Structure formats: C-alpha cells, structure tokens
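Just one chain is shown here, as structure tokens, and it is the form predicted alone.
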C-alpha cells in the first residue's frame, strides 16, 4: 500500500532585527527554515499507519527551493521510505491552484491508496492546496482530520474530523482519498540518530516542474503567479479602559467584573469591603438572604 505525504518547508520569522522598513524590519538572520508543523503531524500519522500495516510504502514529496531538501531529510530520518523534491527557486510565487497542479501531476501516474498533508501551512494560512489536489486528481477528500482508522480490506477509512465548538464529525470514505490533518491528532516523534545517519545516505529523487508535462505551454502571469507587495504588522486594538487597564483600581476592577464591563454594577451585585473576618461574615449574610445558604 503506497501512501503519499506532501510536506512544505516554510520560512518562519522569529525576530525583527532588520533595518529596512520595506521588509517590515525582517533581516536575513531573522528567518529559519522549518517543516510546516501540520505536515509533520501528517507524516507522523502516516508512520502510525505503517506500524499497523507493515507493507505500507511512504513517499514524501515537497515543492520548493534548495531548503526543501532539509525537510525531506528529516522525513526520511523519521521513517519515510522515499523522498521526491520538485525543485523551483520561485515556488513562493505560485498561488494555491498552481501549487496543487504541480503536486497533483507529480503523482498522477502512480498507484496510491492515501494522500496526507497538513490542513494549512502556517506561513500563508491558505488551507487550499490539499482540497485542490483532490479536485485535480478527482478523488474524495476529508479536511481537518483528528482521527482515522483503516478497515481490514483497506477499501474504506473511518475518519473523525473537527468541526465547530469542539465537536467531531464521523465519516466513512472510500480510497483512494486525500486527508488534511488537523492539530491534536498526534505528537510527532523525534528522529533517532540511526535514522538521521541513514537519511543522510539516502538518495532524494529530484525533478523540475517542466518534467511533469503540465497542460500549460509556458510560465508567466497566466500561471496565477503572485507577488508580495508589502509586509506589515497587524494594527493594535484600541483599549478603552476596562479590566486590562492598569490604571483601574482593585475595587473598580471588581465593579467592572460584576457589572459585565460597566463601571456601574447591575442588578443586585454587592461589593464587600473590610477585614477578612468582616468580608466572610458579610458574604455569609448575603448568601443566606439570597437563599443560597439555609437559615
């Protein structure tokens, strides 16, 4: 049983120490390359499938520049069997549909049972590539998967997907199918030293977009290329007093809590002040008068 896992090596900004305001003060040393965390969860779930079905072959595929190979090496060190690198120095300019087109055509001639990928990448937060791949390949897909079970015949998969308010939706899906993985499904394993050493020796298959025979004549603006015009931080929210205001006194803070955010208390709210003994006695009296405590 062949399982495909799509992973993405992302640029993660951990600081803003640059001097160029056009780059939002992000310097070259402020960026680290890491595997997209949700894709790492997808790989871990695939490894757990292999532990139950020993004949499973795991193929990881990544579209990206030279840094994508680092992510693929990590996948191999965790337990993946093969890795394919679709090299493109300008992959960041492709929109979600073109990215999905490239990834889908990289496996369209392969026989596979399952496809896993993260629900979204934390750099662009699009969440579109996975469903687009399923659409291009004309296979079913289930998003936000937090649990899955493969039946004995390997023809159906029982999946639990996260929905609103912490609820779950249970679905049964035929294979081949694509699943986008949501956080909370598992905890990824750490690569072992033997795995790291083995991964350094493994050969990563490398190809380019032009090798995929896409139904397109040339690359250009018609390929849905995107361009980053500017970068900016989110505008801070205005605070108009309240519990977060450091100038509010303790008594006024209590009045805000009891009044639902208004400085004037509502209903029968009572503010008790004084020594500890007086406060406890007054609270007991109020509770008895309100019927909370028996007389």
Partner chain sequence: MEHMWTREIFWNVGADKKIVVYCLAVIALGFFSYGIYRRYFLWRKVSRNKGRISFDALGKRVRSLIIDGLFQRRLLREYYPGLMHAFILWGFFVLFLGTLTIALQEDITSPLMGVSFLKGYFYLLYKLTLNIAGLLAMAGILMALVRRYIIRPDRLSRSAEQGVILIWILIILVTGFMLEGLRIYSLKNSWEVWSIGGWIVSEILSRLNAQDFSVLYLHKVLWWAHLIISFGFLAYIPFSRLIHLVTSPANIFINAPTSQAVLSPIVNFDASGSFGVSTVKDFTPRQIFDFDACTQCGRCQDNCPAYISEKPLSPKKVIEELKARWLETGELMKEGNGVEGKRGGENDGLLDEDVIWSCTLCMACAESCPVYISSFEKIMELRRSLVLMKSTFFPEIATFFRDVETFGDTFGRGRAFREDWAIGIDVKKISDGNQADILYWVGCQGTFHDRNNLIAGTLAQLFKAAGADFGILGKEEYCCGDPMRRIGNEYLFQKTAQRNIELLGRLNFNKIVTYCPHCFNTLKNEYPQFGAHFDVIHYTEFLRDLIRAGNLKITKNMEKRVAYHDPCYLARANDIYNVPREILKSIPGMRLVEPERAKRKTFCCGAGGGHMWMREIPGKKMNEVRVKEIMNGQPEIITTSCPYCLIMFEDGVKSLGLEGIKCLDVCEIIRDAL
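This one's a predicted model, so the numbers in the text were calculated from it and none came from an experiment. Positions refer to the first chain, counted from 1.
As for the form predicted in complex with the partner chain, it is not shown, yet the points below apply to it.
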| task | Give a yes/no on whether residue 40 approaches the partner chain to within 4.5 Å in the predicted complex, heavy atoms considered. | result | yes
| 4.5 Å heavy atom contact, residue 74 and the partner chain in the predicted complex | yes
| request: Considering only heavy atoms, tell me if residue 30 and the partner chain come within 4.5 Å of each other in the predicted complex. | output: yes
| request: Indicate whether the partner chain has at least one heavy atom within 4.5 Å of a heavy atom of residue 192 in the predicted complex. | output: yes
| Want to guess which of 108-116, 192-200, 83-91, 206-214 is within 4.5 Å of the partner chain in the predicted complex, heavy atoms only? | 192-200
| field | Heavy atom contacts to the partner chain in the predicted complex at 4.5 Å, residues of 99-132 in sequence order | value | none
